[in-house]
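Listed next as structure tokens is one chain, alone, in the form predicted alone.
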């Protein structure tokens, strides 16, 4: 049984079709990242799973529970951190977390200790006496994430968990999300930030215009890009460069090879970890000394471009 499964899931808003027959599966105790631009259907999928929205057609299940037929059962095993932080304007962070802990059934004996720990871990302790309405955007977002860290649900859903947060704060949020998974939760994250996806994902599902384009591990998705890896070489002076250049081109996996100046080359290859050993073996046979090797793999921006034919929008605060 999957932790989440959708079949032919469709959602329409008037004439706009946000999800178009989406088939999606999430395994237990994995971190799945939904990667896509604004308008790709990420938030719509999350809100359907959280029983906030009803699908137009198709089915969606959380574990064995149908989100339409058994919404109460779904809410008992699921928690969601919304894209826009939610809170009572005149309440303080600890009060908001205490209320959330109470309605989610967190034992009263450990609420205060857990709340203090989370506020300190996400650097909100100094803002504990501020009213929600006076929190910065980044503080409010960290407070929204804190709700799930207090609740610790079986399925934790995060919609852009580190938006509006600085890099230091992002890292702290990501570490807490990983810790949540290590303790047994299944994690589903929607984002359009590739750095977040690369740091967290066991698998990535690329969504575009309401459809799943592809789903796999980050490594496998990058390996799908022919010639996506770049290997930069510097050889010792005096090398028979013309001969070696032709031999390098013949190595399996070489897509292109260009000279970057005297004794320097840039090779576009498929799967650099397989190409580099062949290259070093060739240099050893030719008694050519390698002065430096630098490998650059494609980013998830490149992956998105490869599978959709367009660039992924980068958040301004990323």
Partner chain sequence: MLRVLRLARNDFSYFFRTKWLMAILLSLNLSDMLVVALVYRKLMTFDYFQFFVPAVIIMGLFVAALDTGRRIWLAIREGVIHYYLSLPISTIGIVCAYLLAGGLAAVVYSGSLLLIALIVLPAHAVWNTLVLFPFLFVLAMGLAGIAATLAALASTHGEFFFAYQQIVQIVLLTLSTVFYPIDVIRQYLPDFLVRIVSANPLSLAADAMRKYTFAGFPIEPWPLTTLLLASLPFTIIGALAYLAALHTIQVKGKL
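Residue numbers count along the first chain shown, from 1. Remember, predicted model here, so these are calculated numbers, not experimental data.
What comes next is about the form predicted together with its partner chain, which is not displayed.
**Q** 198, 203 and 215 - do all three of these have some heavy atom no more than 4.5 Å from its partner chain in the model of the complex?
**A** Contact check failed for every one of 198, 203 and 215.
**Q** Of the residues 211, 181, 171, 86, which one places a heavy atom within 4.5 Å of its partner chain in the model of the complex?
**A** When its partner chain is considered in the model of the complex, the option within 4.5 Å is 86.
**Q** Of the options 272, 31, 50, 279, which one has a non-hydrogen atom that comes within 4.5 Å of its partner chain in the model of the complex?
**A** Among 272, 31, 50, 279, a heavy atom within 4.5 Å of its partner chain in the model of the complex occurs only for 50.
**Q** Okay, which stretch from 152-160, 97-105, 183-191, 242-250 lines its partner chain in the model of the complex, with non-hydrogen atoms inside 4.5 Å?
**A** Residues of 97-105 come within 4.5 Å of the partner.
**Q** Report whether the minimum heavy atom distance between residue 82 and its partner chain in the model of the complex is within 4.5 Å.
**A** Heavy-atom contact with its partner chain at 4.5 Å: present for residue 82.
**Q** Consider residue 76 of the chain shown here, and say whether it contacts its partner chain in the model of the complex, taking contact as heavy atoms within 4.5 Å.
**A** It does: once its partner chain is placed as it appears in the model of the complex, residue 76 has a heavy atom within 4.5 Å of it.
**Q** Is there a heavy atom of residue 90 no more than 4.5 Å from a heavy atom of its partner chain in the model of the complex?
**A** Result yes; residue 90 sits at the interface with its partner chain in the model of the complex.
**Q** Residue 147 near its partner chain in the model of the complex, any heavy atom under 4.5 Å?
**A** Result yes; residue 147 sits at the interface with its partner chain in the model of the complex.
**Q** Within 1-32, which residues come within 4.5 Å of its partner chain in the model of the complex, counting heavy atoms only?
**A** Heavy-atom contacts within 4.5 Å come from 11, 12, 13.
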